[in-house]
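Only one chain comes next, encoded as structure tokens, the form predicted alone.
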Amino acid sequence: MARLKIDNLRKSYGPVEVLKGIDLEIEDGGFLVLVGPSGCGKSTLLNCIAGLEDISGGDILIGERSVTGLHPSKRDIAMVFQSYALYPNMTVEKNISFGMEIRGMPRAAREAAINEVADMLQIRELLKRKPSQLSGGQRQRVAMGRALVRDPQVFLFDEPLSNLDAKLRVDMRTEIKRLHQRMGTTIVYVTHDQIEALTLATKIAVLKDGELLQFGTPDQIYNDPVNMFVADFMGSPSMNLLPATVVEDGGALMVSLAGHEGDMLLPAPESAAMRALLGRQVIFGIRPEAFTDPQGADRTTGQIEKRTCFVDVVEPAGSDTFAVVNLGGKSAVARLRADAQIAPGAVTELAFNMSKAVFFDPASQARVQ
């Protein structure tokens, strides 16, 4: 196990710069998730860590050792690929042990390692089968087992669950989390699924167009996004981002946004940055769970504001009910209790938890604090 440090890492293909000075560090035993839309550079960054791609600038350190320029086999890493990359003509046992055989590990040590990971991943009964006889989830376990027997300093996962169906993806996510808690090995994990990122990570790096937009804990990324892209990308349903105007009412700062009965006023935080926007437009951001029915609102905060809203659409979702309302000229989603009595076309009172509200400058899209 070891910490991983990325220092001003750059990667270019000719004149095209795909990684633009990435700086991040994950502690020994941490779980770093690289997340972002397709083409953001997350897989390229993972391949640079693995040594599968040469870097154009900067440094990569595993522990206290720079691995920049080292062959992948010298970096003490193990990688699990999206495609599993199993040898189709070999049994599960052979797939897991092949790398150990190449390194000349004694037979007894190989068998002990195979038995340990087979029990850990619950694949002992599969050892004599070939990959064609396995389900997608079983193949993923075998690919993980092959990496685990390496006992590396850092594990690299490249979208390992993207080929699985929705239920199996959730099950495997739990398995990976349990595995990390048991082993405590440093992991770098690439995904485009932000729920996967929030569930698994101790730290999340959000990338876009080769730039690191935000790096922090899942709570920081979710509740304190630095810009509108992070706010919109992380969370399902995503954050409501509504046009509003900063106004003053009785000396207090407020935001005004269009409601079903005219302009709706909600309190805004008092700060120099917000006061500088007085009379100008701002983007008011609030998560669906912070916009709910009054009975479901957080009773621990004193910043609940109740307002009347027109309900356009109601979407029952089992454990929750989602209501779509029109605010600020846009559709906004409220997450209500499953048994909330609400119907489309109704005018009803909803609660805004303003302690969870965030505000953005529409020009720069940066957070206003």
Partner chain sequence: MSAAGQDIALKGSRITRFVIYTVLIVFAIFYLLPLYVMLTNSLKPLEEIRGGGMLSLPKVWTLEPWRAAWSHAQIGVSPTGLKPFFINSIMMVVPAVVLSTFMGAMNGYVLTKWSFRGSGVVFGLLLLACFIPFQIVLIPMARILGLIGLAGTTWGLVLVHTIYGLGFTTLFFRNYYAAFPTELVRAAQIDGASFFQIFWRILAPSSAPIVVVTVIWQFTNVWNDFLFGVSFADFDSIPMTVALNNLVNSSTGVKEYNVHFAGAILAALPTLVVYIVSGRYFVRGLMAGAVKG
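Residue numbers count along the first chain shown, from 1. Note that the structure is predicted; figures quoted are calculated from it, not measured. Definition used throughout: the rigid core is the maximal C-alpha set that superposes within 1.5 Å between two forms.
The following text describes the form predicted in complex with its partner chain, which does not appear among the structures shown.
Student: I have Ser73, Ile77 and Arg146 flagged as a candidate spot, so tell me whether each of them has a non-hydrogen atom within 4.5 Å of its partner chain in the predicted complex.
Tutor: Every residue of the candidate spot has a heavy atom within 4.5 Å of its partner chain in the predicted complex.
Student: State the residue from Asp232, Glu101, Asp249, Asp224 whose non-hydrogen atoms include one within 4.5 Å of its partner chain in the predicted complex.
Tutor: Only one option qualifies, and that one is Glu101.
Student: Using a 4.5 Å heavy atom cut-off, which residue among Gly279, Gly262, Pro106, Pro88 comes into contact with its partner chain in the predicted complex?
Tutor: Here the answer is residue option Pro88.
Student: Since the chain is shown here on its own, which stretch among 322 to 330, 297 to 305, 45 to 53, 23 to 31 would lie within 4.5 Å of its partner chain in the predicted complex, judged by heavy atoms?
Tutor: Selected stretch: 45 to 53.
Student: Do Arg150 and its partner chain come within 4.5 Å of each other in the predicted complex, heavy atoms counted?
Tutor: Residue-level check for Arg150: yes, a contact with its partner chain.
Student: Do Ser83 and its partner chain share at least one heavy atom pair within 4.5 Å in the predicted complex?
Tutor: Result yes; Ser83 sits at the interface with its partner chain in the predicted complex.
Student: Using a 4.5 Å cut-off on any heavy atom, which residues of 329 to 344 would contact its partner chain in the predicted complex?
Tutor: Read in sequence order, no residue approaches its partner chain (within 4.5 Å, in the predicted complex).
Student: Using a rigid core alignment, state whether the CA of His71 is displaced by 2 Å or more between the shown form and the other one.
Tutor: No: His71 shifts by under 2 Å between the shown form and the other one.
Student: Core-aligned, does Arg107 move its Cα 2 Å or more between the shown form and the other one?
Tutor: Yes, because once the rigid core is superposed, the C-alpha of Arg107 moves 2 Å or more between the shown form and the other one.
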